[in-house]
Structures are given as C-alpha cells and as structure tokens.
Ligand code: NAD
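What follows is a single chain, given as structure tokens, in the form predicted alone.
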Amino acid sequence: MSEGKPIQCKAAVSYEAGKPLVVEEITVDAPKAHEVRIKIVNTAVCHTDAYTLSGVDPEGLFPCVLGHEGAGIVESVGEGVTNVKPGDHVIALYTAECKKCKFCLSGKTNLCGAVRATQGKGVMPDGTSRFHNKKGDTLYHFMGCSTFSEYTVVADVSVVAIDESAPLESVCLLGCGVTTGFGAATKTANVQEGDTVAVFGCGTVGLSVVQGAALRKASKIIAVDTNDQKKDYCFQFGATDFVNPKTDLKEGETIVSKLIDMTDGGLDHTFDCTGNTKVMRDALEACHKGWGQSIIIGVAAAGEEISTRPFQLVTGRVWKGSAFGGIKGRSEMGGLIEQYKRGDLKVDEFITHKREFDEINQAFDDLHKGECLRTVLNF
C-alpha cells in the first residue's frame, strides 16, 4: 500500500517559460491534513496552461507541474477529509468551494476564499509543496490542481466526487473549459428564451457559451472568430450566425456596427472568450442600450487594462466578469454530470484529439491549430 508514503510517478514538469515540458519521474508526497492524493487518469490541455507556459501570466511560477483540467481516482486522504474517500472518482477544482468562508456563505459568488492566497503562490495551504524532482528540488503546484502528473495532491475543498458511470476521459473537461463557458451563459448571464447573444472567440470556452445559449433557446447566437476553421464547430454547437471580422466586414464597417445592424440595436448578451482587451471593448459596445450585458471570461496578459467611454455604461450597458462560469464546483458539478448524461450538455464533442501522456508537448502544438478543440491525455 502506498497510503501515507511518497509515490514515484511520471509527470510533465515546466522548468522555464517558453520551453517544452520535461516528462520525468517525480516524487509526490503523502497528503497532509485536509488534503487528497489523486491518481489522475485523464487530463486535457487548456489555453490557460499554454498562457502560463508562455511566460505572460503574472502568477506563473517555475519550475511547476501545470494542468488543471483533470479527473481521476482518489488514492489516499489526509486526516480530517470527509468529502471524498479512496476509490472515489473525482474532478480536481481550480475554483475551490469550502462552504464556510464569507464568499461561499454569501450566495452571491463562486469565488471561495479558502485557499486562494496559497494557490496563487504555487503551494498547498500549509505553504509547502508535495512535488519534488529526482534532485530533490521543490516543484510548484498550479491552480491548486497540477493534473500533468500521474499523482497529484489537492486541498479537500478543491476536489469533488462524481458519478462513477461518467467516463473520466470526457468529464475531465468539466474541470475548466466546458463548465466555464456553459456556466457563463446559463448562470452568470442567465440567458433567457428569445435573447440575442454574441460570442467572441470560439474555442472550447466560447463554444460552451454557444451551447449554453442554445439550451436556453436564445433567438440569435452570433459566433465571432477570425478563424474560418471554427465555423462548422460553431453551427454544430448551436450558433445561428458566424462572422469573421477579418473577412466579413464591408468597407467602413466595424464588428460593432455589423452586430448592432444584425440585432436591431445591439445584443442582450455578449461574451469575450479571447483575453484581448480590444475585443472586450467591442463586446461591450455591441450590447443593446439600456440593458445589454457583456461578460468577460478571457484572461488578459499581465498589465493589460480595459477601456470604454463612460457613456456606454451610463446608457445602461453592464460589464461583468465570470470565473469557472459562476459554478460552485462541489455543490453543482453533480448537476452538470446529470446534464451531460441526459445529452443536454455536449462534452465528448470537444475531444478532437487523444494522445498518450508522453506526447504532452505535441498536445500543446495541437492546441494552437484551428481544428483542435481539446486534446485529452491518457496516463
């Protein structure tokens, strides 16, 4: 039995920004009090992993074990853990839910404060790491998850047990991208039947916004992307229109003016899934006067700021942000799994590539190709 002892296993370590990951054997320490050690079965590669690896993430720390979209089986738990037990199928949660802090008790947000400070510093709540390489060097944790390792240790507030009949290679995507977009549409924006929606940036997050809006029976769902390879995906997930701002605008027309013309004065809801601050402004200004709301999901690079004329807000438009789709991971993941099993939530359709874990660097290459939505890695 490995319980209570360190485990040697395979992991992909990011030693420095902009460099390929190194697949090597590392040591994963036993979980301490209120910690859970998970055997990761499947993990996907998300743009946020690539963003941190690129070096522009202000919270990026090296050397670290990246990965935050993963699912697996609990191997062992530290003392005081009551929400999961060895053998449970689980999803790691980069947005924790302690159910006790001011944020959790407010009923107004899913932004739990329990482990945020240490998570941002790449360590466990006690301030130390559970990962070491063969030389004994400490490796940092990432987003409280670090799923690019065959075994990982997470805080008990950062993991949720799920229905064992749900395939791990699919539902690992509920750890980030699919949940983020779907929740932004159904929860943060609360799209209603007949509403008009525009989604800027149609990767996994954007397409999940599209499917959330489609489930809510939005009357018009306009997908906006500069890559025509995304067009078929957009319609598959429920878009009614596709606009490429590079090729579909007439002379003198802007994306904002085109969207306003298409929707009789502007949209009820717009979503930025690009992280580009200029696009965020366009998304806000394409909203309808008096009630349009624009949701920012995309993560901008360090030091970036957003701007618009105050008049845009004075005249009734609302700018909002959404993290993990406003979803509370421990309370609400079960409901998402039920929607997936019923066929109301598309998840499998996002898996365009599958690879063995050793091919993780190729999976990052996949991500930057237009035809790839998600590459799922198998240990």
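Numbering starts at 1 and runs along the sequence shown. Keep in mind the model is a prediction, meaning the values are calculated, not measured.
Form predicted in complex with nicotinamide-adenine-dinucleotide (NAD): not shown, discussed below.
No atom of nicotinamide-adenine-dinucleotide (NAD), overlaid from where it sits in the predicted bound form, falls within 2.4 angstroms of a backbone or C-beta atom of the displayed form, which makes the pocket open. Residue 224 is the only one of 189, 221, 224, 267 with a heavy atom lying within 4.5 Å of nicotinamide-adenine-dinucleotide (NAD) in the predicted bound form. Just one of 185, 176, 197, 154 comes within 4.5 Å of nicotinamide-adenine-dinucleotide (NAD) in the predicted bound form, counting any heavy atom, and that one is 176. Note on the interface: of 165-173, 77-85, 224-232, 124-132, the segment with non-hydrogen atoms within 4.5 angstroms of nicotinamide-adenine-dinucleotide (NAD) in the predicted bound form is 224-232. At a distance threshold of 4.5 angstroms between non-hydrogen atoms, residue 21 is out of contact with nicotinamide-adenine-dinucleotide (NAD) in the predicted bound form. nicotinamide-adenine-dinucleotide (NAD) is not shown here, but in the predicted bound form it comes within 4.5 Å of a heavy atom of residue 203. With a 4.5 Å cutoff on heavy atoms, residue 180 counts as touching nicotinamide-adenine-dinucleotide (NAD) in the predicted bound form. Taking non-hydrogen atoms only, residue 237 never approaches nicotinamide-adenine-dinucleotide (NAD) to within 4.5 angstroms in the predicted bound form. Within 4.5 angstroms of nicotinamide-adenine-dinucleotide (NAD) in the predicted bound form, the stretch 319-356 places a non-hydrogen atom from each of 322, 323, 324, taken in sequence order.
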